[in-house]
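Only one chain is included here, represented as C-alpha coordinates and corresponding to the form predicted on its own.
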(Lines give C-alpha, C1' and ligand atoms only; values in the text may rest on other atoms or scores of the structure.)
Protein backbone atom coordinates (compact mmCIF):
# COMPACT_ATOMS: atom_id res chain seq x y z
CA UNK A 1 0.00 0.00 0.00
CA UNK A 2 1.26 3.46 -0.92
CA UNK A 3 1.08 5.99 1.95
CA UNK A 4 -1.60 8.62 1.85
CA UNK A 5 -1.24 12.28 2.76
CA UNK A 6 -3.41 14.08 5.29
CA UNK A 7 -4.06 17.77 4.77
CA UNK A 8 -2.77 19.59 7.85
CA UNK A 9 -2.28 23.12 6.60
CA UNK A 10 -3.08 25.66 3.93
CA UNK A 11 -5.55 25.08 1.12
CA UNK A 12 -6.49 27.24 -1.84
CA UNK A 13 -9.92 27.71 -0.28
CA UNK A 14 -8.42 28.89 3.00
CA UNK A 15 -6.30 31.34 0.96
CA UNK A 16 -9.50 32.78 -0.53
CA UNK A 17 -10.02 30.79 -3.74
CA UNK A 18 -12.70 28.08 -3.71
CA UNK A 19 -12.19 25.91 -6.80
CA UNK A 20 -15.63 24.33 -6.42
CA UNK A 21 -17.27 27.78 -6.49
CA UNK A 22 -15.04 28.72 -9.43
CA UNK A 23 -16.20 25.65 -11.35
CA UNK A 24 -19.81 26.56 -10.58
CA UNK A 25 -19.23 30.05 -12.03
CA UNK A 26 -17.53 28.51 -15.06
CA UNK A 27 -20.39 26.07 -15.67
CA UNK A 28 -22.94 28.87 -15.40
CA UNK A 29 -21.01 30.88 -18.00
CA UNK A 30 -20.84 27.89 -20.37
CA UNK A 31 -24.58 27.26 -20.06
CA UNK A 32 -25.24 30.96 -20.73
CA UNK A 33 -23.02 30.94 -23.82
CA UNK A 34 -24.83 27.91 -25.24
CA UNK A 35 -28.23 29.46 -24.51
CA UNK A 36 -27.27 32.72 -26.24
CA UNK A 37 -25.93 30.83 -29.27
CA UNK A 38 -29.29 29.05 -29.60
CA UNK A 39 -31.21 32.32 -29.26
CA UNK A 40 -29.08 34.03 -31.89
CA UNK A 41 -28.98 30.94 -34.12
CA UNK A 42 -25.19 31.11 -34.23
CA UNK A 43 -23.17 27.94 -34.56
CA UNK A 44 -20.38 27.85 -31.98
CA UNK A 45 -17.84 25.02 -31.93
CA UNK A 46 -16.22 24.21 -28.63
CA UNK A 47 -12.57 23.47 -28.01
CA UNK A 48 -10.94 22.51 -24.74
CA UNK A 49 -9.91 26.07 -23.90
CA UNK A 50 -12.00 28.35 -26.08
CA UNK A 51 -14.92 28.52 -28.53
CA UNK A 52 -15.00 29.32 -32.21
CA UNK A 53 -17.51 30.98 -34.50
CA UNK A 54 -17.48 30.83 -38.28
CA UNK A 55 -16.90 33.94 -40.40
CA UNK A 56 -16.29 33.69 -44.15
CA UNK A 57 -15.11 30.08 -43.80
CA UNK A 58 -12.75 30.99 -40.97
CA UNK A 59 -12.99 29.67 -37.42
CA UNK A 60 -12.30 32.61 -35.08
CA UNK A 61 -11.94 32.75 -31.31
CA UNK A 62 -11.66 35.55 -28.76
CA UNK A 63 -9.99 34.46 -25.54
CA UNK A 64 -9.37 36.43 -22.34
CA UNK A 65 -7.33 35.90 -19.19
CA UNK A 66 -5.61 37.98 -16.53
CA UNK A 67 -2.39 37.76 -14.57
CA UNK A 68 -4.08 37.67 -11.17
CA UNK A 69 -2.39 38.26 -7.84
CA UNK A 70 1.09 37.79 -9.30
CA UNK A 71 0.61 41.50 -9.97
CA UNK A 72 0.94 42.14 -6.22
CA UNK A 73 4.51 40.84 -6.29
CA UNK A 74 5.25 42.98 -9.35
CA UNK A 75 3.79 46.05 -7.63
CA UNK A 76 5.83 45.46 -4.46
CA UNK A 77 9.06 45.22 -6.48
CA UNK A 78 8.17 47.75 -9.22
CA UNK A 79 8.75 45.13 -11.94
CA UNK A 80 5.80 45.39 -14.30
CA UNK A 81 7.07 44.12 -17.64
CA UNK A 82 6.40 40.49 -16.71
CA UNK A 83 2.69 41.30 -16.25
CA UNK A 84 2.38 42.40 -19.87
CA UNK A 85 4.27 39.36 -21.09
CA UNK A 86 2.19 36.95 -19.01
CA UNK A 87 -1.20 38.37 -19.97
CA UNK A 88 -0.42 37.78 -23.67
CA UNK A 89 1.38 34.45 -23.39
CA UNK A 90 -1.18 32.96 -21.01
CA UNK A 91 -3.84 33.53 -23.66
CA UNK A 92 -1.81 32.49 -26.71
CA UNK A 93 -0.81 29.23 -25.01
CA UNK A 94 -4.49 28.52 -24.39
CA UNK A 95 -5.70 29.16 -27.94
CA UNK A 96 -2.76 27.21 -29.39
CA UNK A 97 -3.97 24.16 -27.44
CA UNK A 98 -7.08 24.26 -29.64
CA UNK A 99 -4.84 24.64 -32.75
CA UNK A 100 -5.50 28.35 -33.18
CA UNK A 101 -2.93 30.93 -34.20
CA UNK A 102 -3.00 34.34 -32.43
CA UNK A 103 -3.78 37.32 -34.66
CA UNK A 104 -4.34 40.32 -32.40
CA UNK A 105 -4.28 41.44 -28.77
CA UNK A 106 -6.06 44.06 -26.66
CA UNK A 107 -5.29 44.78 -23.02
CA UNK A 108 -6.96 46.13 -19.88
CA UNK A 109 -4.93 47.68 -17.05
CA UNK A 110 -6.64 48.85 -13.86
CA UNK A 111 -4.64 50.87 -11.30
CA UNK A 112 -5.20 52.53 -7.95
CA UNK A 113 -3.27 55.68 -8.98
CA UNK A 114 -1.64 57.47 -11.90
CA UNK A 115 1.44 55.27 -12.15
CA UNK A 116 2.84 56.05 -15.60
CA UNK A 117 5.92 53.86 -15.13
CA UNK A 118 3.76 50.86 -14.26
CA UNK A 119 1.69 51.25 -17.43
CA UNK A 120 4.82 51.71 -19.53
CA UNK A 121 6.28 48.52 -18.09
CA UNK A 122 3.10 46.53 -18.76
CA UNK A 123 2.88 47.80 -22.34
CA UNK A 124 6.55 47.00 -22.95
CA UNK A 125 5.88 43.43 -21.83
CA UNK A 126 2.80 43.18 -24.04
CA UNK A 127 4.78 44.40 -27.04
CA UNK A 128 7.58 41.88 -26.41
CA UNK A 129 5.15 39.00 -26.11
CA UNK A 130 3.02 40.09 -29.08
CA UNK A 131 6.13 40.34 -31.22
CA UNK A 132 7.23 36.88 -30.10
CA UNK A 133 3.93 35.27 -31.17
CA UNK A 134 3.41 37.47 -34.27
CA UNK A 135 0.20 39.08 -33.02
CA UNK A 136 -0.72 42.75 -33.42
CA UNK A 137 -1.60 44.89 -30.39
CA UNK A 138 -4.71 46.79 -31.49
CA UNK A 139 -5.29 48.83 -28.36
CA UNK A 140 -6.63 48.57 -24.84
CA UNK A 141 -7.96 50.40 -21.83
CA UNK A 142 -6.24 51.94 -18.81
CA UNK A 143 -8.51 52.67 -15.84
CA UNK A 144 -7.48 54.68 -12.78
CA UNK A 145 -9.88 53.72 -9.97
CA UNK A 146 -8.53 54.58 -6.51
CA UNK A 147 -11.82 53.77 -4.79
CA UNK A 148 -12.03 50.30 -6.35
CA UNK A 149 -8.53 49.02 -7.14
CA UNK A 150 -5.93 48.53 -4.42
CA UNK A 151 -2.98 47.81 -6.70
CA UNK A 152 -2.76 46.86 -10.35
CA UNK A 153 -4.74 44.34 -12.40
CA UNK A 154 -3.72 43.29 -15.92
CA UNK A 155 -5.71 41.28 -18.43
CA UNK A 156 -5.54 40.65 -22.17
CA UNK A 157 -7.83 39.29 -24.86
CA UNK A 158 -6.45 37.49 -27.90
CA UNK A 159 -8.13 37.05 -31.28
CA UNK A 160 -7.15 33.76 -32.88
CA UNK A 161 -7.86 31.76 -36.02
CA UNK A 162 -8.05 27.99 -36.09
CA UNK A 163 -5.43 26.63 -38.47
CA UNK A 164 -6.27 22.95 -38.30
CA UNK A 165 -8.11 20.21 -36.44
CA UNK A 166 -7.30 18.53 -33.16
CA UNK A 167 -7.44 14.76 -32.69
CA UNK A 168 -9.52 12.36 -30.67
CA UNK A 169 -7.78 10.90 -27.64
CA UNK A 170 -7.78 7.10 -27.36
CA UNK A 171 -7.00 4.69 -24.57
CA UNK A 172 -3.27 3.83 -24.58
CA UNK A 173 -2.30 7.20 -26.08
CA UNK A 174 0.87 8.53 -24.46
CA UNK A 175 1.03 11.61 -22.23
CA UNK A 176 4.12 13.83 -22.43
CA UNK A 177 4.86 16.67 -20.03
CA UNK A 178 6.79 19.82 -20.89
CA UNK A 179 8.72 21.90 -18.36
CA UNK A 180 7.32 25.12 -16.91
CA UNK A 181 9.19 28.25 -15.88
CA UNK A 182 8.03 28.44 -12.30
CA UNK A 183 4.51 29.22 -11.13
CA UNK A 184 3.55 31.01 -14.37
CA UNK A 185 0.26 32.85 -13.56
CA UNK A 186 -1.56 30.51 -11.20
CA UNK A 187 -1.84 29.73 -7.52
CA UNK A 188 -0.42 33.02 -6.28
CA UNK A 189 -3.12 33.59 -3.68
CA UNK A 190 -1.99 30.39 -1.97
CA UNK A 191 1.74 30.85 -2.70
CA UNK A 192 1.75 34.37 -1.27
CA UNK A 193 -0.10 33.38 1.90
CA UNK A 194 2.34 30.53 2.54
CA UNK A 195 5.67 32.00 1.48
CA UNK A 196 5.22 35.59 2.62
CA UNK A 197 4.16 34.34 6.02
CA UNK A 198 7.74 33.12 6.48
CA UNK A 199 9.95 35.04 4.05
CA UNK A 200 10.48 38.53 2.71
CA UNK A 201 10.64 39.06 -1.03
CA UNK A 202 14.38 39.74 -0.90
CA UNK A 203 15.15 36.58 1.12
CA UNK A 204 17.03 33.71 -0.48
CA UNK A 205 14.75 30.73 -1.12
CA UNK A 206 15.84 27.69 -3.14
CA UNK A 207 19.12 29.45 -3.87
CA UNK A 208 17.49 32.51 -5.43
CA UNK A 209 15.82 35.74 -4.31
CA UNK A 210 12.16 34.94 -3.66
CA UNK A 211 10.91 37.86 -5.77
CA UNK A 212 12.83 36.48 -8.77
CA UNK A 213 11.31 33.04 -8.29
CA UNK A 214 7.79 34.45 -8.11
CA UNK A 215 8.21 36.79 -11.09
CA UNK A 216 9.55 34.30 -13.61
CA UNK A 217 7.68 34.84 -16.90
CA UNK A 218 5.21 32.31 -18.23
CA UNK A 219 6.80 29.96 -20.76
CA UNK A 220 5.72 30.49 -24.37
CA UNK A 221 4.45 27.19 -25.77
CA UNK A 222 2.37 28.40 -28.70
CA UNK A 223 4.98 27.93 -31.43
CA UNK A 224 5.81 24.42 -30.25
CA UNK A 225 2.15 23.42 -30.01
CA UNK A 226 1.23 24.75 -33.45
CA UNK A 227 4.27 23.06 -35.02
CA UNK A 228 3.34 19.74 -33.46
CA UNK A 229 -0.25 20.00 -34.69
CA UNK A 230 0.92 21.01 -38.16
CA UNK A 231 3.23 17.98 -38.26
CA UNK A 232 0.36 15.75 -37.05
CA UNK A 233 2.50 14.59 -34.14
CA UNK A 234 0.00 15.29 -31.34
CA UNK A 235 -3.70 14.81 -30.82
CA UNK A 236 -4.28 17.31 -28.02
CA UNK A 237 -2.39 19.81 -25.89
CA UNK A 238 -3.29 21.06 -22.42
CA UNK A 239 -1.95 24.28 -20.90
CA UNK A 240 -1.62 23.59 -17.15
CA UNK A 241 -3.07 26.78 -15.67
CA UNK A 242 -5.96 27.45 -13.24
CA UNK A 243 -7.13 24.14 -11.81
CA UNK A 244 -3.73 22.69 -12.71
CA UNK A 245 -3.88 19.00 -13.64
CA UNK A 246 -7.67 18.81 -13.39
CA UNK A 247 -7.57 20.62 -16.75
CA UNK A 248 -6.47 17.36 -18.38
CA UNK A 249 -10.07 16.16 -18.17
CA UNK A 250 -10.98 18.68 -20.86
CA UNK A 251 -9.39 16.55 -23.58
CA UNK A 252 -10.42 13.10 -22.33
CA UNK A 253 -13.42 11.26 -23.71
CA UNK A 254 -16.09 9.37 -21.75
CA UNK A 255 -14.66 6.43 -19.86
CA UNK A 256 -11.10 7.72 -19.97
CA UNK A 257 -8.68 8.53 -17.16
CA UNK A 258 -4.94 8.97 -16.77
CA UNK A 259 -2.16 7.10 -15.01
CA UNK A 260 0.93 9.31 -14.75
CA UNK A 261 4.39 9.16 -13.17
CA UNK A 262 5.16 12.72 -12.13
CA UNK A 263 8.72 14.10 -12.04
CA UNK A 264 10.15 15.72 -8.94
CA UNK A 265 8.82 19.31 -8.86
CA UNK A 266 11.21 22.28 -8.69
CA UNK A 267 12.28 23.46 -5.26
CA UNK A 268 9.80 26.38 -5.05
CA UNK A 269 6.80 24.02 -5.18
CA UNK A 270 8.30 21.76 -2.54
CA UNK A 271 8.91 24.83 -0.39
CA UNK A 272 5.25 25.91 -0.69
CA UNK A 273 4.11 22.40 0.25
CA UNK A 274 6.49 22.10 3.19
CA UNK A 275 6.06 25.59 4.68
CA UNK A 276 2.30 25.62 4.23
CA UNK A 277 1.61 22.00 5.11
CA UNK A 278 -0.33 21.79 1.84
CA UNK A 279 -1.75 18.41 0.90
CA UNK A 280 0.00 17.00 -2.18
CA UNK A 281 -3.32 16.48 -3.94
CA UNK A 282 -4.11 20.15 -3.37
CA UNK A 283 -0.71 21.09 -4.81
CA UNK A 284 -1.52 19.27 -8.06
CA UNK A 285 -4.96 20.90 -8.22
CA UNK A 286 -3.49 24.40 -7.85
CA UNK A 287 0.05 24.54 -9.30
CA UNK A 288 1.72 23.31 -12.48
CA UNK A 289 4.39 21.60 -10.32
CA UNK A 290 7.05 22.13 -12.99
CA UNK A 291 4.95 20.76 -15.86
CA UNK A 292 3.38 23.69 -17.69
CA UNK A 293 2.14 21.84 -20.78
CA UNK A 294 0.85 18.33 -21.44
CA UNK A 295 0.79 16.73 -24.89
CA UNK A 296 -1.14 13.62 -25.88
CA UNK A 297 0.10 11.58 -28.80
CA UNK A 298 -0.04 8.21 -30.51
CA UNK A 299 2.59 5.82 -29.12
CA UNK A 300 4.31 5.76 -32.52
CA UNK A 301 5.00 9.52 -32.32
CA UNK A 302 6.54 9.71 -28.86
CA UNK A 303 10.19 9.94 -29.96
CA UNK A 304 9.44 12.66 -32.52
CA UNK A 305 7.45 14.71 -30.00
CA UNK A 306 10.23 14.46 -27.41
CA UNK A 307 12.81 15.59 -29.99
CA UNK A 308 10.61 18.52 -31.02
CA UNK A 309 10.19 19.67 -27.41
CA UNK A 310 13.96 19.63 -26.93
CA UNK A 311 14.47 21.64 -30.12
CA UNK A 312 12.41 24.38 -28.45
CA UNK A 313 14.82 24.28 -25.48
CA UNK A 314 12.23 22.77 -23.16
CA UNK A 315 12.46 19.61 -21.07
CA UNK A 316 10.07 16.73 -21.84
CA UNK A 317 8.95 13.81 -19.68
CA UNK A 318 7.02 10.75 -20.84
CA UNK A 319 4.49 10.76 -18.00
CA UNK A 320 2.25 7.81 -18.77
CA UNK A 321 -0.84 6.97 -20.73
CA UNK A 322 -4.56 7.39 -21.17
CA UNK A 323 -6.42 4.62 -19.36
CA UNK A 324 -9.88 3.14 -19.45
CA UNK A 325 -11.57 4.56 -16.37
CA UNK A 326 -15.29 5.25 -16.31
CA UNK A 327 -14.95 7.47 -13.25
CA UNK A 328 -12.48 9.71 -15.06
CA UNK A 329 -9.82 9.36 -12.35
CA UNK A 330 -6.48 11.11 -12.84
CA UNK A 331 -3.98 8.99 -10.90
CA UNK A 332 -0.65 10.68 -10.22
CA UNK A 333 2.25 8.66 -8.83
CA UNK A 334 4.66 11.14 -7.29
CA UNK A 335 8.44 10.93 -7.25
CA UNK A 336 8.41 10.58 -3.44
CA UNK A 337 6.36 7.36 -3.44
CA UNK A 338 3.00 9.00 -2.75
CA UNK A 339 -0.04 8.65 -4.97
CA UNK A 340 -2.72 11.28 -5.42
CA UNK A 341 -5.99 11.09 -7.31
CA UNK A 342 -7.66 14.20 -8.60
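Positions refer to the first chain, counted from 1. Fair warning: this is a prediction, and the values are worked out from it, not measured in the lab.
One more form of this protein exists, namely the form predicted together with another copy of the chain; it is left out here, but the text below deals with it.
Proximity to another copy of the chain in the predicted complex, taken as heavy atoms within 4.5 Å, picks out 118 to 126 from the listed stretches 204 to 212, 231 to 239, 166 to 174, 118 to 126.
Remark: residue 32 counts among the residues lining another copy of the chain in the predicted complex, judged by a heavy atom distance of 4.5 Å or less. When another copy of the chain is considered in the predicted complex, residue 275 lies well away from it, no heavy atom lying within 4.5 Å. At the 4.5 Å threshold, heavy atoms of residue 140 reach another copy of the chain in the predicted complex. Put simply, residue 24 is close to another copy of the chain in the predicted complex: some heavy atom of it is within 4.5 Å. Of the residues given (270, 259, 134, 246), 134 alone sits with a heavy atom within 4.5 Å of another copy of the chain in the predicted complex.
Though another copy of the chain is absent from this view, in the predicted complex it lies within 4.5 Å of a heavy atom of just one residue from 255, 151, 223, 263, which is 151.
In the predicted complex, 155, 157, 159, 161 are the residues of 154 to 180 with at least one heavy atom within 4.5 Å of another copy of the chain, listed from first to last.
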